[in-house]
Structure formats: structure tokens, C-alpha cells
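Starting off, we have a lone chain in the form predicted on its own, written out as C-alpha cells.
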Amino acid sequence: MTELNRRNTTILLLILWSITPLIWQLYTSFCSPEALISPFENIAKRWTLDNYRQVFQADPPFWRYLVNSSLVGIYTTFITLLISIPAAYSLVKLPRRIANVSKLVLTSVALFPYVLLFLALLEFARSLNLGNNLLALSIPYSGLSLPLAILLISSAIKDLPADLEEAAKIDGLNLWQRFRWILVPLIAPACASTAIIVFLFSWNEYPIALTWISKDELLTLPVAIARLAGSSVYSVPYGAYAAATVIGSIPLIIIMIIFQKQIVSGLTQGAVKG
């Protein structure tokens, strides 16, 4: 086997390893309960659309949960980028020793398991009456996303030529104009990849959303999926869970397809220097 064939085989195996859970989830969403219990029997009763009917007949409507998660993701992404871009710029302009210490602190905070802050965040929401508010839910999400967002964007800003800003100063551009016309367009790929990471985190987050939101019409997607009920206390609606996750994944897949170029460009920005 040549080196090229070996490389192609490895890539194919990695692709199969990555998409197998997705295929299995899609398969499960169309399976009847009998087929899930006895996968090699009941061939005639294997396929069904009842799982999707159960999801779409939920009360409140399932699309409301998609809208709620989308709104929380948009709020969180906007707030995070609004704060992280100027913070990253300030981090790059700090003296090297202070900047290194700041990056170490940000890295430590980004790696800190936020579940340990669960009780503190719950008391924070209770004291300020922030429960059952989608905009308020974006506050802890933004705070948890900021360290990683600042690190990613500061890395992109650091890779920009220093002479570029000096030339803009000579041309008479003030700080806001340099931000608006030079800095932001150049780091747009990094901002896009950061925005996707922040959006995915807010879309998938469960513990905080579970405690901050109690009204059924305001539930986010992960909490709503977890509340899908079976026909009895002892039955687990695996098919309905699978159908709900398939539907909930569609918006994310669309976003990834649309912004694929920006995401890849942002993640690889600064990886190669000439």
C-alpha cells in the first residue's frame, strides 16, 4: 500500500468514526420501540414516523424550543464578541510580562469546570430575580465563554502586521475608525470561528438552563428534550429522543455549511507564517 493510499484509508476511517454516531441517531429516530428492543426481529414493524409525531405534537410546540435556544445563542454570541474584541485588543497591547500572566489566568479560567460554579450562579439568579428570562440566561453563558473568546481573538490580532496600525494612525484614523475599518475586517474569520464556538456552547448547555428556566414555553432545546416523556414511568422514549436531537441538529448543520469557509479560515489563521 502506497503512502497516498494509506493516508486516504486513514482519512476514510476517521470520517466513518465521526459520522457513525450521527447515522445511528438518525436510524434510531425512525425505529419503532419493538425494533429497538429486538433489533434483529420485527422487520415488518421496524420503521415508523411516530417518534417525529410525538416530538411535533408536544405542548408547547417543539419549534418554540428551537427559537428559544436560537435567541439565547444570538444574545450570548453578540455580548461575547462585543466584550471580547476590545478586551483582546487591550491584551495584545499590554507589556509582554503582564500579557503572559493575563493569558495564563484566562487559560485557567477557560479550563475551570463551570459546574463547580453552579450553586453560586443559582444564588446570583435568585437574588437578582433573573429566572425565566432568555436574555438573562445569556449573562452566565457570556461570562463562561469570554476567556476562550479573548484568547482566540487576541491570537488573531497579534498576527496582524504592526505597521498596519501605525500607517492608519499616520493617515489620521482614530481608535474607533481603526477598529471599524481595519481591525474588525481583518480578524473577521477568527471572530466567525469564535462566534460558532460560543453559539454551540450556549445551544448545548444544560445545567444552568435547567435551573434558571422553569416555564415550559421558555425552555431551551436540551432541557425540553430531557423532559420528553414515555408511555409509562418505566419506559424511555429513545426514538423520540433521537428524533428531537436530529431536528435540533439541523440548524447547527446549516450554520456550519454556510460559514464553513470562515470557520476553517479563522481556526487556521496564524498557523503558517511566511
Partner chain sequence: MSLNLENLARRIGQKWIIQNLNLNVDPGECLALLGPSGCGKSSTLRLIAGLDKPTRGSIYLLGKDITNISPLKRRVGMVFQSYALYPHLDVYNNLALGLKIRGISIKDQKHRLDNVLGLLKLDLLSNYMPSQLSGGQRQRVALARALLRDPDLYLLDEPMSNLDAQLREDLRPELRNLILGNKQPVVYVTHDQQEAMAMANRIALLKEGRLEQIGTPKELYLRPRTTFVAGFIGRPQINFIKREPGIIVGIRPEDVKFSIDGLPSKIIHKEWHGSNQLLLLDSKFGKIRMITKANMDIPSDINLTWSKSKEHLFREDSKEAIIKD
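Residue numbers count along the first chain shown, from 1. None of these values were measured; they are calculated from a predicted model.
The form predicted together with the partner chain is left out here; the points below concern that form.
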In the predicted bound form, the residue from 74, 135, 101, 164 that sits within 4.5 Å of the partner chain by heavy atoms: 164
In the predicted bound form, which of the listed residues (182, 192, 125, 151) lies with a heavy atom within 4.5 Å of the partner chain? 182
Consider residue 158 of the chain shown here, and say whether it contacts the partner chain in the predicted bound form, taking contact as heavy atoms within 4.5 Å. no
Find out whether any non-hydrogen atom of residue 174 is located within 4.5 angstroms of the partner chain in the predicted bound form, and reply yes or no. yes
Given that the partner is absent here, does residue 81 sit within 4.5 Å of the partner chain in the predicted bound form, heavy atoms only? no
